[in-house]
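Quick heads-up: it's one chain on its own, the form predicted alone, in structure tokens.
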């Protein structure tokens, strides 16, 4: 059996966990919207055409914020196309995903859906094909009470009260050559600064997210962040990070070690933010928005074939990764990394929410079910709110082809608002259990301990509409004999200690 020791103290804090780190993302891409959240005529459609079965699953995740409407889509999006009478809205070619967007669901509809989902909207503006004036107009349309052209147009279109969207993204992945109207760091920085000024002049209560590098493998990574922040540090509130992982080589051991890269990515970007703060002698601290993260690789080949077969179709089944058990473990490791960096990561959006690289899948006219990755996100959202504690983990190590000294167990801990303590832990070892010793001398006695385990003997096991609980957590006896709890081989664990 492997060994690990976790030392926690209530006085050693990382920081308050912002509930928005359990956010998600809906892009006008694939079946995320059409036959995902919206399907008029479905047996469970409500009066607006939204699927009630999907809404119930979203509410179970307790998603506090949802990024919308993109993504790559937003860099060619005219927001005005998505408001007003549906019969007058134009059908547009979406160059990002080689499809046709009908604009049946737009700003009003999505704001209504988000309210039903007990969530809030994080709205992205187009800084690709459009610019600062258009960004200001949509803030005015969404948030200004009345008495101006755009606010009164909103009222004319049926929304008397403002949407009061408080979180806005200044474009998406503008460093990427796949983006419409890609920009250099200097070009983007100037565009973002001017848009930010005008948006905040319109509503000074909003918060703004500037684009960081779309990945840490971009050749401009680091220099991009510094250049953007040097230009618009005082005008923005967060800098974005995007990170996806895959296992195309079918090396599970290597795959589960890859989350170590995320921790380095976060710490590097935080250092760049602080260096610009120091240069500017600023009292303001820019935090991080990990507003795209997930596993994404399963669907790449089928998407290429689909685009060749059905160019410019509507709601094509794109990016429909079918997630397996090892993906759920990696998602758990990424959530642990996010919680351990709660002092800097204040927003995180799993990309995406329904059908498109998503924890929730649907069949048109049929059911909706939880993918394997649903479970760690749901449990982290339910039990990961409070204060993230600084974990001291000593664990056995292992090596992979690309990583050395990989801890066999990884963990984060949150002191919840009700005084309970939750430990999230993943055992990376595929064949051996790990005995996790908990040093909790600073906490006193606990009256109850629970242990939930997500495990399957087959790391490639999946959930389907016919077998939705093939991979699902189960409660096991929580025996804290000698303050040690056993983490089964290849498992996501949620240990709750209740005073």
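Here the structure is a predicted model, which means the values were calculated and not measured. Positions refer to the first chain, counted from 1.
One more form of this protein exists, namely the form predicted in complex with ligand AHR; it is left out here, but the text below deals with it.
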**Prompt:** Hey, in the predicted bound form, is residue 72 touching ligand AHR, heavy atoms inside 4.5 Å?
**Reply:** yes
**Item:** is_contact(residue 244, ligand AHR) in the predicted bound form, heavy atom dist at most 4.5 Å
**Value:** yes
**Prompt:** Looking in the predicted bound form, any heavy atom of residue 101 within 4.5 Å of ligand AHR?
**Reply:** no
**Prompt:** Heavy atom to heavy atom, is residue 292 within 4.5 Å of ligand AHR in the predicted bound form?
**Reply:** yes
**Message:** So if I measure heavy atom distances to ligand AHR in the predicted bound form, which of the stretches 54 to 62, 23 to 31, 456 to 464, 38 to 46 falls within 4.5 Å?
**Reply:** 23 to 31
**Item:** Check all three, 216, 261 and 348, heavy atom within 4.5 Å of ligand AHR in the predicted bound form
**Value:** no
**Fill in**
Of 163, 296, 383, 233, the only residue with a heavy atom within 4.5 Å of ligand AHR in the predicted bound form is 296
**Item:** Heavy atom within 4.5 Å of ligand AHR in the predicted bound form - the one residue of 97, 150, 265, 375 that qualifies
**Value:** 97
**Prompt:** Though the partner is not shown here, which residues of 151 to 175 have a heavy atom within 4.5 Å of ligand AHR in the predicted bound form?
**Reply:** 172, 173
